[in-house]
Each structure stands twice: as C-alpha cells, then as structure tokens.
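One protein chain, two forms: both are listed below as structure tokens, the first as structure 1 and the second as structure 2.
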Structure 1
C-alpha cells in the first residue's frame, strides 16, 4: 500500500555546506539519504514530495556539525499481511515462483499455487493448468495475497499466495 505521509528527520551537516545554498544542500542530502531506503515501520520511501519545514540548527559540541530537524512529505510503500498486491514474476522453478512489486520481493511456494496448476520444465519454466488455459511464467503479471512480510534496511521480503478466489495471472505475456 502507498501512503503519503510526513516524516521528520534530524540532518547533520558539515559546516562546508552552510551559506546561501544551505536549504538546497539539506534537501539534496535528505533525498540521497532517505529515498530508496526502508524502515520496518513505514516501509520503502519511494520519493520525497515536499519539505514542510526546516527547524533551527543545533551545533554539536566539539565537532562543528550542525543538526537540523527537517519535516518532509514523502510517498512510502509498505506491504501488509492480508493485502492484495499485483506483481511481476521474475523467476519460476519447481519450488514455486518469485515476483517483484517495486522493491518488494515475493515468494509464492508451490504449496500456495492452486493444485490444478502443474510445473513444467524447459527453456521457459512455468506453472500451467491441465487444460493449458492459464500459465504463469517469467514476466507474467499476477495478483497475489501477502501472508507474511519482513522489512530489511534495503529490501522487503514477502510470502504470497495465489490459492484463493480472484488471485492468479492478470496478464500473460505469451498472449500479449
């Protein structure tokens, strides 16, 4: 799920960044530090959309660094248990398949793939229904349900399932 939220962060700046461009320097450092990172609480920071306010700097004793409290708006992405997500399949093998939704890596084990879909080996390994009407292979788009999440510093892992109503392939690249 995406959220547009306000976060706050204390930015430590070296005195060489002070001067006329102080504000720009703070903002560009903020973007560099924050965008693309994850936190367990908020998920993946997709983009900073605005600065609400930059507070008064506080000199750190003995170092000369100054800390500025910065309030900023950003878009974050965080999957939740029970959430339905659309993802692109990156790898299919006998254990199941891996899929990606942005920074989120999802594994759907073959325990959680409907029983009527069977694994087929070959150049393009896939799971196919016995009548051949539905096929999951690399680059397929699937709708899945998240049943477990774990957020690391830079990655989000999820366990997903497609063994439920209305889940599974939504766009088959072979038929495109």
Structure 2
C-alpha cells in the first residue's frame, strides 16, 4: 500500500556545494540518497514530493562538512499481510516461484499454488494446469495475496499465495 508521509533526515554537504544554489544541491543530494531506499519502519521510498523545511546548517569540526536537518514529504510503499497485489513472475522452480511487485520480492511456495497445477521442467520451467489452459512461467503477470511479511532494517520480504478465489495468472506472455 502507498502512503504519503513526512520524514526527516540530516544531510551532510561538502563546502564546494555552497553558494547561490545551495538549496538545489541539498534537494538533489536528498533525492539521490533517499529515493529507492527501504527502511523497515516506513517501507520503500518511491519518490520525494516536496521539501517542507531545510534547517540551519551545523559545521562539523575538522572536516568543513555542514549538516543540514531536512524535513521532506515522500510517497512510500509498504506491503501488508492480507493485501492483494499484481506482480510479475521473475523465477520459477520446483519449490515455487518468485514475483516482483515494484521493489518488493514475493515468494509463492508450491504448497500455496492450486493443487491442479503441476511443475514442468524444461528450457522454460513453469506450473501448468492438467488441461494446459493456465501456465505460470517467467514474465507471467499474477494476482496474489500476501500472507506474511518479514521486515529487516533495510529490506522487506513477503510470502504470498494464489490458492484463493480470483487469484492467479492475469496475463501469460506465451499467449500474448
């Protein structure tokens, strides 16, 4: 799920970036450092939408660097247990498959895949129904439900299922 929140960060800036466009240098360094990162508490920072406040800088002794407290608004993505997501399959093996929904990687175990789907080996490993009408392989789009999350300091891991109503393959690249 996406949230729009306000966060704070202390930005260290080298003296060579001081001058007329100090604010632009702070903002560009903030975007470079923050966008695309993950904090376990808030989730993945998708984009910075605005700068609320840049505080007074504090000179670091001996280095010349200055630390600026920056308060900014951003969009974050944090998956929750029970959430339904659409994801793209990245890898299929006999244990299940991995899919990505934006920055989040989700593992779906073979126990959480419908019983009528069997693993097929070959040059393109996949899970196929007995009549061959539905196939899950690399680059397939699936709708899945998150049944568990594990949060580390810098990463979020998810376990998902497609063994429920209205879940499964949305778009199969083999049929496109």
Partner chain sequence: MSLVTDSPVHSSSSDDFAAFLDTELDSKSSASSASDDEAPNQHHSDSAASSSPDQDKEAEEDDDSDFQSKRVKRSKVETLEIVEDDGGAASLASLKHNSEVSISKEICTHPGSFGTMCIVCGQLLDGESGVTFGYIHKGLRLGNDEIVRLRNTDMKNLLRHKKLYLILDLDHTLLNSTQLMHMTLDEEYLNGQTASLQDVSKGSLFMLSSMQMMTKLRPFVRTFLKEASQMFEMYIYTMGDRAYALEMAKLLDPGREYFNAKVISRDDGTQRHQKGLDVVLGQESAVLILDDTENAWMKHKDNLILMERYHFFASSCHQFGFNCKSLSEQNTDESESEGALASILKVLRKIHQIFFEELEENMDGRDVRQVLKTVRKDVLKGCKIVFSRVFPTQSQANNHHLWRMAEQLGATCSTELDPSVTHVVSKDSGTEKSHWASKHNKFLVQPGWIEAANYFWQRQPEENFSVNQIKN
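All figures in this text were calculated on a predicted structure; none of them were measured in a lab. The term rigid core refers to the maximal set of C-alpha atoms that superpose within 1.5 Å between the two forms. Numbering follows the first chain given and starts at 1.
Q: So which is it, 1 or 2, that shows the form predicted alone?
A: The form predicted alone is the one given as structure 2; the other form is structure 1.
Q: Could you tell me which of 128, 35, 78, 148 sits at the hinge, given that one rigid part rotates relative to another between structure 1 and structure 2?
A: Looking at 128, 35, 78, 148, only one falls at a hinge: 78.
Q: How far, in degrees, does the smaller rigid part swing between structure 1 and structure 2?
A: Treating the chain as two rigid parts, the smaller one turns 15 degrees between structure 1 and structure 2.
Q: After superposing on the rigid core, how many Å does the CA of residue 155 move between structure 1 and structure 2?
A: A shift of 3.2 Å at the C-alpha.
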